[in-house]
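This document opens with one chain alone, in structure tokens, the form predicted alone.
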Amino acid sequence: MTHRIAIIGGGTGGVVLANNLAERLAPEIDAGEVAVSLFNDGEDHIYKPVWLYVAFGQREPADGRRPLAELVDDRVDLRIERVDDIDTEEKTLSAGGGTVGYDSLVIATGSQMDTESIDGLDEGGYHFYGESASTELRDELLSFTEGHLVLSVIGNPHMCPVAPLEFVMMADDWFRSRGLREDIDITYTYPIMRTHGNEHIAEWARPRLAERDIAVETMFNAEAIDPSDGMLTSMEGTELDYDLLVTIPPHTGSDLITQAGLGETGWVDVDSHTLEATEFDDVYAIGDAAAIGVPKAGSAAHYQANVVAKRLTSTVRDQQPTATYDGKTLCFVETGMDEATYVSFDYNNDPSPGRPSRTLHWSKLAYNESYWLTARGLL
């Protein structure tokens, strides 16, 4: 019988996994012993880190978009269909108006924006977590010449945990280069008693924000936004007036996960090392969809995809899976418009940001360009 592997989600984790499996299991696929299917509800694959650069006019949205058909190995059955439901007992998916069976399932559905959970968020704030959102923010930034810019981290966890810090440091540098910084105040808010969820990154960031004259409000949990008065109010009772509000919106998991009973919050509980669902047989979750406490970052999804590919290959070949994920995550951190640092960490090693440099900035830009080869499994 053919072993059917279904992957839901054509983001970084899903595409890297599909291509990895196509290479590892090429003999079995060619012999009809294995079938790999990748389901996505759109034709394009999106490289989301590009959106931050779009906001500052450094990239165009098209730079972060490629047709999935160009990235996915021909041995993979690419299905541009929305999966509407999952039955883990019958091992079936509802997609494209029909039912599809699977033997192994990998959920890589990513994160979604929830801009309706905060009063006034849709009308009063901008963000850079989408193509149209980043272009709208770009236009607003270009016309912003004086006043108070507030970056408020409202949702946590969220995609790319260092992105809020990157944004305010890039904005500071960008306004300085245009001779506008003296007329623009910048405030950064975070919902706990430090500047970042990871205490080591927070310790690194605090003095750097101070030296750039970026004000910080910690323990600020945004509750409401009044666009007419330009006022952001926290649950703690703090009020911040603003002229331009940039937010990190609340993130949720996929509605599919909740609807299928795989996770009440939209994330799937998995073993932190094997990435197998803790309550369902033959189900894995990777990337943002996996509730394991590591950052919701593309690099984490990439490393996890490699682990799951090895485990599924062992399963198909009737071998005991031994590959495990160690929590590895690597992120570049832009510290301005032409300098960056990076952090690398795992379950046992804490992040330790290095000295920012132009070399690391250009390394980040080079990776952005070469990402498409990585997604195709060529790097």
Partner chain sequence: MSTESIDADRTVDSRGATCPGPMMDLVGAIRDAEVGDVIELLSDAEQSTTDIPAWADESGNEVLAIDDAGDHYQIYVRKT
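Bear in mind that the values here come from a model prediction, so they are computed numbers and not experimental data. Positions refer to the first chain, counted from 1.
Not on display, but discussed next: the form predicted in complex with its partner chain.
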(request) Using heavy atoms only and a 4.5 Å cut-off, decide whether all three of I154, R194 and M235 touch its partner chain in the model of the complex. (result) yes
(message) Within 4.5 Å, heavy atoms only, which of N221, T99, T258, T278 is in contact with its partner chain in the model of the complex?
(response) N221
(message) Just to be sure I understand the contacts: of D74, E90, E211, E264, which is the one whose heavy atoms reach within 4.5 angstroms of its partner chain in the model of the complex?
(response) E264
(message) Looking at 74-82, 296-304, 90-98, 213-221, which stretch has residues with any non-hydrogen atom within 4.5 Å of its partner chain in the model of the complex?
(response) 213-221
(request) Answer for L141 alone: is it within 4.5 Å of its partner chain in the model of the complex, judged on heavy atom distances? (result) no
(request) Mark I118 yes when one of its heavy atoms lies within 4.5 Å of a heavy atom of its partner chain in the model of the complex, and no otherwise. (result) yes
